[in-house]
Each structure stands twice: as C-alpha cells, then as structure tokens.
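Given as structure tokens, the chain that follows is alone and in the form predicted alone.
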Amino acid sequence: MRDVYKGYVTGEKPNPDTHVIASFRFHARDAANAAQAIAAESSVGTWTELSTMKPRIRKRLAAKVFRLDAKNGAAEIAYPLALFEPGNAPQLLSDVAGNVFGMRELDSLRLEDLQVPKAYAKSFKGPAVGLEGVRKMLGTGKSRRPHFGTIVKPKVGLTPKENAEVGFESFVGGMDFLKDDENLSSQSFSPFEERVVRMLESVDRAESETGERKMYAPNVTAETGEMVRRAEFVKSQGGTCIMVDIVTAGFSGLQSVRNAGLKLPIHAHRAMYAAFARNPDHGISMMVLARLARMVGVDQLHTGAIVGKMEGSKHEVLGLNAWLRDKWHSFRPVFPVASGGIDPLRVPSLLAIAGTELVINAGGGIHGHPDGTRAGAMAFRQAYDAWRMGIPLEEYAKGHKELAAAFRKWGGRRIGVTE
C-alpha cells in the first residue's frame, strides 16, 4: 500500500446531515488501498505527499472510508459537505466521480448510490411541477390511469408539417403525450421553431376534437444558451412541456433550463447513459443519475420498459420507479417513463409488473401499426381497456379491429423480462 493513501479509513459512521455519502463497488488487487485511494483522490489527497498540505485542511475536508468490505470489493465513503459548492451539480460529479475512475489502483469502479444531506439538497430547485403537476395538466389525477405517449417516427427526416400531422393522428387516436426523438433538434429538414408552432397547432386541434388534454415536449437540447432560448420560445407559443437529453446536454445545461424559471415540466431522456452504465462492474448506476436529475429538477424520467428492447432488470426498474414516486427531501415526485420496444401487446404485461403511475412511451409500436398511426394509438388504448377490465387481449381484440391488426403484426413476438 502506498503510504500516501493511509489514514483515510475511520470506524466512525458519519453524520448524514453533514456529509455526502457515496457507495462504491470495485475490483482491485488491494481493496483497502483502492478504497483509500478513492477517498483521497476525490477530496484532499494525491499520489504523493504535499509540502502545501495543512493539518487543518486534511482534518476539515478529507473524505473517509467508513465501511469497507474487502472480500466483495465494496466501500462507503463520506465527504464533508464543505467540499461542495451549493447548487452546482457538475462540481458534485467532478468531485465524487472524477479522476477516481481512471486510477491504476482500480481494475474497475462502479458508483452505485449517492446520498446528499438536506442542507445541500435545498440548494437545488427540484421538479417544477412533478408527477402530480403533470397529471393535473392532463386531467388524469382522479383516474390514475397511465399516460400514453409517443415519439414521431421516423425519428428524423419528416418536415414540420409532416411531423405535426403524425402528431395529430397520434393524439386523436388516444395518445396523451408526444415528444421529439432524442436526436431531433433543429436540422435543415425540421427547423425547431416551425416544428414547435405546427405541433402546438396539432395539439389545439386534437384537444378540440377529442375533449382530452394533450402535451407536446419538443427537444430543446443544444448549447446551453440556445437551450434556454428554445425553452423560452416554447413557453411563448403556449407550449406546456420541454424535453432535454440530460446526459449529452450535461447537468450545467439542465440546470440552466430549470433555473430559467419557466415552470415548464422537463421530460428527461437518458440518451448515452448506457455508455457509462451498461457494464455492471464499471461506471455510474441509474440510481445516481436519477438522484441528480430529480435534485436538479426533471419532472419525467426514462427508467426502462422491463418488457421492451432496452437493457434493465425488473428489480432495478421497479426500484427506480418506486423511489421517483416516493418522498425525498422536499422534492416533488417524478413521473417514471417506460420506453423502448413497446407495442400494444406488451401493455398488459408492463402494467401488471409496473402499475399505472407510469408514462408508457411507444414509437414503432404505434407508427408501425399496419393501419397507420391513429390505429396504432387506438390499439394501445384498447390494450389498456382490456387490462383494466380483466379481459384477455385475444378476446378483446375480437371486437376491436385495431387491436386485432396489432396481433397480426406483433403476435409472434416474445415478451422477455430480466429479473
């Protein structure tokens, strides 16, 4: 063990009101040395002794390993609150999850969880409206049914006029919510401002025709200043929601949009998240991302579909969803979003597993319907009605041609669930 990393272990459990507490898993040749290296490198230490180190600095700011499981490669590390600038999510990550992931003492490192004290959490705004606020906006507070959403497909290439027509068909077919795809921003074929104006016109038309409230979340992801400008434009046009790719935009961008005071719910997409989370032994867990996103202020967050095409175990997704809906400090609950590879036939299985406090988002499962977008949306609502009434889908489809057509297209697909 390098002598420079000695002294970062304590047998005393820290005060959670005065420390940020991080839970790590790791693989290392020397577990004790590795855990202390993490604590040192992410607080006051480095690879060598420092002539500039003052005893008062180490005493006040050194992180401490207060739980070490050398056999299983796990450690909990406490960071004095004074290390962190209030209301600065990027600095929090730079500290706790910065250089440590590249240290030679570690073969792999996983940040599994992050607990922050109330005093620090209060420096962030949290969700603007939260789960209940979104339900109120769409008028589903009493029914508590799931929200049904879609993504216009193809994800790129449609003109604003074409995009808006697909949106209208989705809404009239029964969708509550529509968002842009994660890689649609303001390309030459679909300028942002024109797309927003046309889609909001479709929202108005659909609300008049159906008597139901509808919500559109344009993707404002861009350079930070441009993101704020786009969000302000959405607000000025009467829009009621925005979408941010929170990983690629970064927490500075997300904070800038949230802190602009627009009071627009933020639909948070996690595009690129798997790049640092897919390997279960290395990277940052979805729980950490969820804690940061909720603290900064998202109102809806993609967590996984369980029965869809994306990776994510049933145990992990249900745990995330429950936590997002539960009380945490003073922050409003967040609406979990299930998305990725969902067609109408998967809806009953998803609801049976995850419940109805959920946004169910489908792209190909709606626009891939043999009879078009409106029929695809209708099939989704029919699948929900069948589940709600306890009627087997096959039986319900006999009297509902849209659901029957969905069976003809997707009936051979298996629903796989990873525990």
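This is a predicted model, so every value here is computed, not measured. In this text, residue numbers run from 1 along the sequence as written.
Below, we refer to the form predicted in complex with 3-phosphoglyceric acid, which is not included among the displayed structures.
*Asks:* Name the stretch: of 362 to 370, 58 to 66, 39 to 47, 384 to 392, exactly one has residues whose heavy atoms fall within 4.5 Å of 3-phosphoglyceric acid in the model of the complex.
*Replies:* Every other range fails; the passing one is 362 to 370.
*Asks:* Would you kindly say which of G126, G341, P333, P160 lies with a heavy atom within 4.5 Å of 3-phosphoglyceric acid in the model of the complex?
*Replies:* When 3-phosphoglyceric acid is considered in the model of the complex, the option within 4.5 Å is G341.
*Asks:* Just give me the single entry in K179, R258, R110, R294 that has a non-hydrogen atom within 4.5 angstroms of 3-phosphoglyceric acid in the model of the complex.
*Replies:* None of the others qualify; the residue that does is K179.
*Asks:* So in the model of the complex, does R145 come within 4.5 Å of 3-phosphoglyceric acid, heavy atom to heavy atom?
*Replies:* R145: no contact with 3-phosphoglyceric acid in the model of the complex.
*Asks:* Report yes if any heavy atom of H302 sits within 4.5 Å of a heavy atom of 3-phosphoglyceric acid in the model of the complex; otherwise report no.
*Replies:* Heavy-atom contact with 3-phosphoglyceric acid at 4.5 Å: present for H302.
*Asks:* Answer with yes or no whether K155 is in contact with 3-phosphoglyceric acid in the model of the complex, where contact means some heavy atom within 4.5 Å.
*Replies:* Looking in the model of the complex, residue contacts with 3-phosphoglyceric acid include K155, since a heavy atom lies within 4.5 Å.
*Asks:* Using heavy atoms and a 4.5 Å limit, would one call H269 a contact residue for 3-phosphoglyceric acid in the model of the complex?
*Replies:* Taking the distances in the model of the complex, the answer for H269 is yes, it comes within 4.5 Å of 3-phosphoglyceric acid.
*Asks:* Going through 378 to 405, which residues have a heavy atom within 4.5 Å of 3-phosphoglyceric acid in the model of the complex? Please give them in sequence order.
*Replies:* If the 4.5 Å heavy-atom criterion is applied to 3-phosphoglyceric acid in the model of the complex, 378 to 405 yields nothing.
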